[in-house]
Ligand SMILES: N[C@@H](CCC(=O)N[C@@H](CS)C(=O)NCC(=O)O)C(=O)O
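Let's start with one chain on its own, the form predicted on its own, as structure tokens.
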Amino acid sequence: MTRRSVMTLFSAPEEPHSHRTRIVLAEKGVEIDVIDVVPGRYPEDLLDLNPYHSLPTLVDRDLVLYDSRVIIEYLDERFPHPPLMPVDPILRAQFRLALYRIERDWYGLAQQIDEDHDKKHVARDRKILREAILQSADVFKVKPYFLSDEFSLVDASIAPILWRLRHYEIDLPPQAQALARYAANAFVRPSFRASLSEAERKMRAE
């Protein structure tokens, strides 16, 4: 059942931070008004709501949130079913640390690849991102999702980067089969399919 909610998401159609937010919303089955915004061309109401003029920005009645990690954790608490974080405090802390590292390392490099016009810098960042992803490959041999049998906020954060690998011209070697299986498993989830913008669908179009 779709849950009705008076919520609006200002979202960048091509950007991973916005994508992971849309994945969490789809996982929760929340009905929301998604407004596609091209970075740098912000509507006036977004400029008024968010002092940092950043995307994504979530508006839930009188509440305005504008950091994607804050947003997805809020959504998981606001709509507790299905839960997307473990209950155990130690596991929860480990998952939060994973979120921090993915955001700091993978998302930072992805942003540099998208925004840097220097070919040498982009080639360097592609190589670093590829190595960072491959260093984590063994984690995906253990469980269907990140250290769990259930999809979590960590998976919602990993999937947007893996979806963009072809777009970033990053290939995975044959020895990364577990990672490829993990990605395929995430990509076929109905919530993931529902989260994709038209621009994101084109990233993997043949």
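The first residue of the sequence shown is number 1, and the count goes up from there. Predicted model only: the values in this text are computed from it and were never measured.
Beyond the structure shown, there is the form predicted in complex with this ligand, which is absent from this document and is the topic of what follows.
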query	finding
This ligand: the contacting residue among Lys143, His53, Arg61, Arg181 in the predicted complex [heavy atom, 4.5 Å]	His53
Interface stretch in the predicted complex with this ligand - options 167 to 175, 22 to 30, 35 to 43, 133 to 141, non-hydrogen atom within 4.5 Å	35 to 43
4.5 Å heavy atom contact, Ser157 and this ligand in the predicted complex	no
Close approach of Ser152 to this ligand in the predicted complex, 4.5 Å, heavy atom	no
Interface membership of Leu196, this ligand in the predicted complex, 4.5 Å heavy atom rule	no
Residues from 56 to 75 in contact with this ligand (non-hydrogen atom within 4.5 Å) in the predicted complex	Pro56, Asp67, Ser68, Arg69
